[in-house]
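Given next, in structure tokens, is a single chain: the form predicted alone.
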Amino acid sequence: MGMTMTQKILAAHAGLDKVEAGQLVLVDLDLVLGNDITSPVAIKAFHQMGKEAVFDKEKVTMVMDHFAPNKDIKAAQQCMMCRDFCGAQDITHFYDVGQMGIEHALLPEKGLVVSGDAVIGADSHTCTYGALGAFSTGVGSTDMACGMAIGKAWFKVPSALKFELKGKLRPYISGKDVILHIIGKIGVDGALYKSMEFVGDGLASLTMADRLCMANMAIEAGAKNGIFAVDDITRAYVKEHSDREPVVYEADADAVYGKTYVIDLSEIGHTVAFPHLPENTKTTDEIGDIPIQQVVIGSCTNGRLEDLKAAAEIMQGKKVAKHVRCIVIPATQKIYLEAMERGYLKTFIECGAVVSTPTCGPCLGGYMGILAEGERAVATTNRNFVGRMGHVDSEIYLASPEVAAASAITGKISAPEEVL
């Protein structure tokens, strides 16, 4: 019986020739991640363990992104704790205001993760790095503390689902539409503690930004991780961003999958997740007029340069609807600068949108875009639970940057073809 991509990575990092689904393994870690919300809890646990030094200052990273720049005194205290700890530990990869970005966009950009790595992060969307052919998953702050201390973590080896992608995306359709389509198909618990493994000829139609978005939202289907087969697109990205040599793991021909889904990319339309679950999906041609009050374009799901480019092309020469607030958040400083140099930020501002420094901010109802009672938002974020972005009686509609940009112009949920 063969192994999946995920199982091969876990076996290699556990020093074993073979692992099986359900087996408990102790895995060596290539990277341990925390942010300004989760790291303070991990730091306290680390000290309670009596540890004086992290296992490897090059393999621990903290990114101040959720409530930074600090929104209040408590946020400032949390960031100060992280800053002091990383200073005392001489952590190489500590990213504060001015250098930071949204963590799951920043780490691939910095080349801190490559194919074949095993990564944990005290943030549920750490599964993003599976786009690079790595095993990455979210953990609690106590697990993060143990990871910082000994460089290891326990895992139950997950079983897997195979998603065989074929065909090619239509114009103005992106990875966000694909993953929302899949979650709508299998449900928010459809991949519970499983590995979602993406393979097939259709990968050639997906950019790295598409893949990072899709892997990011594997957790929204309940998955332990999402992972993409490594191809030339992956190799080119890794080579551009990192000096480290990737290790490529391919699933065995006789690897066991609980189920195989065949997804024809050419059949996917503009997909929107209605409140209050990512599985509650409809295509734009299935809905009537739904007026909105806010649009957010950004987040660890869709704040990359490619996302901003897509939105800017749709918004060029147009105006945001009078009753709509449109907030654009580049995911990293590098993306912000390049978007500025390419004129995207000028387009957004002239259109009537505001542009923020990199932050998770509105995605988790932190700041920079809180919703009032009864308000609706179209957001390129990854969750639309009750109260996620503000008042419990507000509503969040998850969509691609293309749909979000068009909706900002029309003032209602719209396909980009409606404004082009």
Partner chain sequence: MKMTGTVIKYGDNVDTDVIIPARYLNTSDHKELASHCMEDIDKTFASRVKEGDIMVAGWNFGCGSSREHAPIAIKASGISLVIAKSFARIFYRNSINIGLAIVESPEAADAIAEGNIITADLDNGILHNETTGQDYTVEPFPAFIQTIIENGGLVESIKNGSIA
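Numbering follows the first chain given and starts at 1. It should be emphasised that the depicted structure is a prediction, and the values quoted were computed from it without experimental measurement.
Below, we turn to the form predicted in complex with its partner chain, even though it does not appear here.
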{"item": "Non-hydrogen atom contact F55 with its partner chain in the predicted complex at 4.5 angstroms", "value": "no"}
{"item": "Distance check, D254 to its partner chain in the predicted complex, heavy atom within 4.5 Å", "value": "no"}
{"item": "Residue contact check: G140 to its partner chain in the predicted complex, 4.5 Å heavy atom", "value": "yes"}
{"item": "Contact of T284 with its partner chain in the predicted complex (heavy atom, 4.5 Å)", "value": "no"}
{"item": "In the predicted complex, the one of V248, V188, I268, V199 near its partner chain [non-hydrogen atom within 4.5 angstroms]", "value": "V188"}
{"item": "Contacting member of D72, E240, D232, E341, with respect to its partner chain in the predicted complex [4.5 Å, heavy atom]", "value": "D72"}
{"item": "In the predicted complex, segment of 323-331, 123-131, 290-298, 346-354 with a heavy atom within 4.5 Å of its partner chain", "value": "123-131"}
{"item": "Joint contact, L26, F67 and K224 to its partner chain in the predicted complex, by non-hydrogen atom at 4.5 Å", "value": "yes"}
{"item": "Its partner chain in the predicted complex - contacting residues of 92-111, heavy atom within 4.5 Å", "value": "none"}
